[in-house]
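Consider the single chain below, provided in structure tokens and representing the form predicted on its own.
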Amino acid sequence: MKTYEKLIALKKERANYFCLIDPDKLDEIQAAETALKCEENGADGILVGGSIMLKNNFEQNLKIIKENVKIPVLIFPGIFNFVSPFADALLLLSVITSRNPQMLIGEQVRAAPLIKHHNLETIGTGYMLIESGETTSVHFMSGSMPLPRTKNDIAVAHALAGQYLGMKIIYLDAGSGAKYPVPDEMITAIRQNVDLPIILGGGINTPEIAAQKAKAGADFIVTGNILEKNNNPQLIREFADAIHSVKK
């Protein structure tokens, strides 16, 4: 079964929880320990990626993460040389809220030959950057203006465009360390109009907020920054339990 099919099966019963690991912020031992801690405490998948790479340790950290967990390991490419065979699949992002052609298609073209070389499963993902109250890393690095957080109609139109272009997932992101997460009303408006799975990240600081976003319509909730600050197994378990309590 392909990884995408596993994700579709996961979302049929309840909301699901992904932990985001930034390989630039951990050594190999820390990466393996963090991934295993996430799996043991209820995470349904691991995303690996970040907005910038200073230490050039992406591939070795990804490899050791994959060797230590059984749950899906997905590359979340903040930069498009994040292509490696040591993952179950790659979220091939097109920043559909951007007007920067490099983020819409240019980086994907650069990545495509390497994806083919590794025969890596790709999941076409319509990535939507949403205003979060401050400039986030992805906002700055992508050169893309976020969608206004109060403009649900504009968000719905972008998500529909992603669906009609053949994307397999919509990823709503307020950005790492966001001041405010994506509003419930926007998530619900997109859920009511789009058939694709919705991944949601950015600014999810408590299990209560995570459950709230799942109830609003997100299928997969992502935490990253909060776990970097407090890598506590109990907190991971609390996030997983809160998200899993939301049934479909």
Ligand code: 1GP
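Just count from 1 along the sequence shown to find any residue number. Just so it is clear, the model here is predicted, and its values are computed rather than measured.
The same protein also has a form predicted together with the ligand, omitted here; what follows describes it.
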The unique member of P72, G177, G78, G124 whose heavy atoms fall within 4.5 Å of the ligand in the model of the complex: G177
Exercise: F82 in contact with the ligand in the model of the complex, heavy atom 4.5 Å: no
L20, heavy atom within 4.5 angstroms of the ligand in the model of the complex: yes
4.5 angstroms heavy atom contact with the ligand in the model of the complex for P207: no
Close approach of N225 to the ligand in the model of the complex, 4.5 Å, heavy atom: yes
Candidate stretches 142-150, 84-92, 166-174, 104-112 - the one whose heavy atoms come within 4.5 Å of the ligand in the model of the complex: 166-174
